[in-house]
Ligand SMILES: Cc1ncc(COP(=O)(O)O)c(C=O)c1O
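The chain below stands alone and is given in structure tokens; this is the form predicted alone.
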């Protein structure tokens, strides 16, 4: 099997497995005051320190969650509830489903107003439009992802954070895809930051919301006073320990090696095939991601053929897998729905090898050529 869907999820690293095993032996409730509880609490705070260190943040700013989707929801709903019906949100048309699908609720049930920043055709954020909307719309919260999960295109998060700070506007970034693939100093100046463990070789079901300094959010998860009263509920200590170990292991992410593998794959495709588009290739993007569209071939057909040969990739975000609808990311960039359905996302990772890249190029050349030849034969009839 050739696994090329690291943006959907990553394999569990040995470091994460070891961290989780440690937590299995520390079974107390971290909120309990007896010895077993204190041991669990010590592991919890040690884990918080490790996540904070990897992100270049303070431990007291880390709130553990069940993952990136929950963290995104906490920011949106917590901000909206705090502001009431006057809440105004500025976002983009290519955000993760956990943001995009929350907008109808915010608008219809809470009376929020939402505006979206325009994008260039290559997926880059239109900074002139951003500045204009920031001035005219005057949002309470700006929510813009650090890296797009389908195209890999990067938004200039720290520049946005600086602009928002000057206007005293709170800024949230979903850094789920960026964390571990680009330096944390490229995105860690936002007021709220979403992180996830299973994108950095940690376990699924755990992540974090970074709440900087004294920023305020209405609580949306009730229970005890866990997570500095930000999120009630007993912490998932096995997941948190695995998340922390994965963070500590980020020095082994081999980002530049992965970038070279990605570039090698794209060069192989360029040298062997024609009539395709790599979306986001002309702007800054994640080092591991290729969003490619072979003109005239539905990604569903190509992916099925590749899967039979053991190649694993996706037609877009894993959160929209199985949907018959075209990618909202690509249609937001101006692609017609039928063309958006031709796109597929290929994302490499730490365990990808040179041999897998070469084999992948062979598979793509074989199947794309075969599908196109079959169509030519049909037309000839």
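What you see is a predicted model, and the numbers here were worked out from it, not measured in a lab. Numbering follows the first chain given and starts at 1.
Here the subject shifts to the form predicted in complex with this ligand, a form of this protein not shown in this document.
Undergrad: Just one of 219-227, 82-90, 193-201, 298-306 has residues with a heavy atom within 4.5 Å of this ligand in the model of the complex, so point it out.
TA: That would be 193-201.
Undergrad: Which of these residues, 143, 288, 151, 176, gets a heavy atom within 4.5 Å of this ligand in the model of the complex?
TA: Here the answer is residue option 176.
Undergrad: Sort through 133, 96, 262, 189 and report the residue having a heavy atom within 4.5 Å of this ligand in the model of the complex.
TA: Looking at the other structure, the residue within range turns out to be 96.
Undergrad: Using a 4.5 Å heavy atom cut-off, state whether residue 331 contacts this ligand in the model of the complex.
TA: Contact check for residue 331: no, nothing within 4.5 Å of this ligand in the model of the complex.
Undergrad: Whether residue 68 contacts this ligand in the model of the complex should be assessed with a 4.5 Å heavy atom distance threshold; does it?
TA: Yes.
Undergrad: Note that this ligand is not shown here; using its position in the model of the complex, name the residues of 266-288 with a heavy atom within 4.5 Å of it, in sequence order.
TA: Residues within 4.5 Å: none.
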